[in-house]
Every structure is written in structure tokens, then in C-alpha cells.
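The chain below stands alone and is given in C-alpha cells; this is the form predicted alone.
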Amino acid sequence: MLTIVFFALSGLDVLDALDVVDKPSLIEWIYSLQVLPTDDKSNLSRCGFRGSSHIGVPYNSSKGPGAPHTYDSGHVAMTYTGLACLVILGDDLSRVCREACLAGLRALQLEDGSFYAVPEGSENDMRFVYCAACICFMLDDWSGMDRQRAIDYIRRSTSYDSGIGQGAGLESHGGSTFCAVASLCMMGNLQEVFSERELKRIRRWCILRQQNGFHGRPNKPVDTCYSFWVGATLELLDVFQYTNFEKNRSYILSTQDRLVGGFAKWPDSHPDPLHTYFGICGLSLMGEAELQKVHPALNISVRAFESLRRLHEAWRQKST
């Protein structure tokens, strides 16, 4: 599944160990997961990247039109992670059908500003608003969403305690607060959407999530992944330095499996790709030696982000 590949690949990038992967083969495999437009472009609303080749669609590494298939469609999280993986691998995104990806993304946005994951319908919440913002940011084209509707959705999802939930009226959560703040940062609208007083309240809510590591909601146990979700939010809000790095670092390292490697959500639990990746990212945010810096909004290494920025400059020069 493409998201698991992202955790592994981006984790290796932050560890400065991308030399262990076969980059050309991996790039080809990722492109084979792109849902391409058919000759008549009748499937534009279904385009993007699928998570795997599980439905038996013929292998197509972006060399020719897509094949019509009743159940073949992109998934917003897979499109985000697929594009991110290509950027991490140093690909120039020249085989990404940007127009089709953006058309597929537009088709997923609901009237309330949130996004479905797939055109057939699914949950719709802040996670997919974030994925949509990442896709538009990476493709350097915000025509893939109605930004004002997305902004309104974020505003309505702000809770009485100043944290942000997955949707209006839902409990404040460290993950959805990250998704909202990071989305607004990529849009360049954070200061317009929230007043300085509101931003101070969001900062306070996030800082209060630290015990030794971070938890995602009040009265919940700490969990390795929130060292990134909440830590990155605080970094975007310019106050991460006021947290206790030593306690946070000690907690993350206490969840590492000394036999098989990787990090778990809790000490003495089984490690998994998600918590391993976000444990590494949490350490990177604190400036851990020998780790590449992580871009707190886009959730890739700063090195990969700089590669993306150079791509954007080349696209803009070509279009002028």
C-alpha cells in the first residue's frame, strides 16, 4: 500500500539512507498506480493515484491512455503520498497528469468544504482536507479545491477549547489540529483565518498536550506519533522550542524495539511503520543528530522540499 511505502521511504530519507532502495524501479511502480485519463477523458473525476494494484488493472507506467474500469479510481491520501514519494525519490513529476489529478481532486470536495477520499464516497474530514492541500501545494496549482470552502470548514471545526476537530462539533484532536494548521500554512492563509488571540489559544491547547511525550486529546495516554502531529503544529506556530525536548526524546526512545528496530505507540508494544516514521520525525523536529530536518507542514524532509521548490521554479519559468 502506497501510504506504508511513504512511511518507509520518507523515514529512510530522514535517516539519510535512501541509498538502500532501488529508486528507478520504485518510481516506475508508483507511476503504475496513477489512474490516467482515458482517450475520451470520461474518467477525469476518478483520476489520481490508487493505493495498490489490487483490482487487477493492467500495469501502466504512464505511457499511454488509461483503461476504463468501473471501480478504478484514485484515493486522496494515496495521491498525496504517491506525489510525496516521487519527490523524495528525486523524480521531476513529468509523468504526473497534473490536470487529471486536479480534476479528480475537485470532484472529491463536498459543499461544506471537506473532501471524500474516493469518488464513490467515504468519510469526509480534516485528514482529507490536509491531503488535498498537500496535492495542490506539490502540483503548484490550487485549482484542485475551492479554498474558501476548505477554510470555512476549518473555521467551523474549531472547538470551544481552541483545538480543532475532524469536523464541526467534534472533539479537538492533535491530528486534526495539525491537518488544519498545516493546510492553512500551505495556503498562506493562517494569519488571515485566525487572529493572534486565537493562535495563542491554539498554541496553549497544543502545549498542554505534553506530559513526557505528547498525547492527542486531554486525558489520553501519550503516543509516539503525536510527537510529530502536535510537535509539528507547535513548530508551525513558532513555539515548539518552549516544550520539553528531553522528556519528549526520552519517551520516543522508550518505545523503540531494540531487537527488530522501529518505534511503537507505547513502550513494550509492537513497532509499526506509522509510529516508526513519526517517531523519527519527532526526533528530527528536536534537532536529533544525524537526522535530516523535516518540513513541518508537508511532512517530508527539507531536502525533498527544496527539490520540490526547484521544480516549481522550473515550471513557472517554462510557463512565462
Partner chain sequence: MHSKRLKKIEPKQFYNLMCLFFYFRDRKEWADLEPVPQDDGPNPVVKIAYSEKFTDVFDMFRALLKNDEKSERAFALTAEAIELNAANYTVWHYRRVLLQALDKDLREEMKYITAIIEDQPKNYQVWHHRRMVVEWLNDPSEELQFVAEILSQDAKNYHAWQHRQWVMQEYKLWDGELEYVEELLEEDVRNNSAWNQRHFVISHTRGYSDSAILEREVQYTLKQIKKAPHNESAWNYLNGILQDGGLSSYPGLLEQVTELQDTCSSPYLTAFLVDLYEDALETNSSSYDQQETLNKALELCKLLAEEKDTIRREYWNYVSRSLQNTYGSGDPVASSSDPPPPSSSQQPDTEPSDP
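Positions refer to the first chain, counted from 1. None of these values were measured; they are calculated from a predicted model.
FYI, the form predicted in complex with the partner chain isn't displayed, but the following is about it.
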Taking a heavy atom within 4.5 Å as contact, would all three of R106, M145 and S254 count as contacting the partner chain in the predicted bound form? no
Among R95, R149, K200, R156, just one has a heavy atom within 4.5 Å of the partner chain in the predicted bound form, namely K200
Consider the chain as shown here, without its partner, and state which of G287, G261, P58, G64 has a heavy atom within 4.5 Å of the partner chain in the predicted bound form. P58
Which one of these stretches, 289 to 297, 36 to 44, 65 to 73, 270 to 278, sits within 4.5 Å of the partner chain in the predicted bound form when only heavy atoms are counted? 65 to 73
In the predicted bound form, G90 touching the partner chain (heavy atom, 4.5 Å): no
Taking 4.5 angstroms as the cut-off for heavy atoms, does D125 touch the partner chain in the predicted bound form? yes
Proximity of E99 to the partner chain in the predicted bound form, heavy atoms at 4.5 Å: no
Verify the contact flag for E192: yes if a non-hydrogen atom of it lies within 4.5 Å of a non-hydrogen atom of the partner chain in the predicted bound form, no if not. no
Contact check, 147 to 166 vs the partner chain in the predicted bound form, heavy atom within 4.5 Å, ordered by sequence, gives S159, Y160, D161, S162, G165, Q166
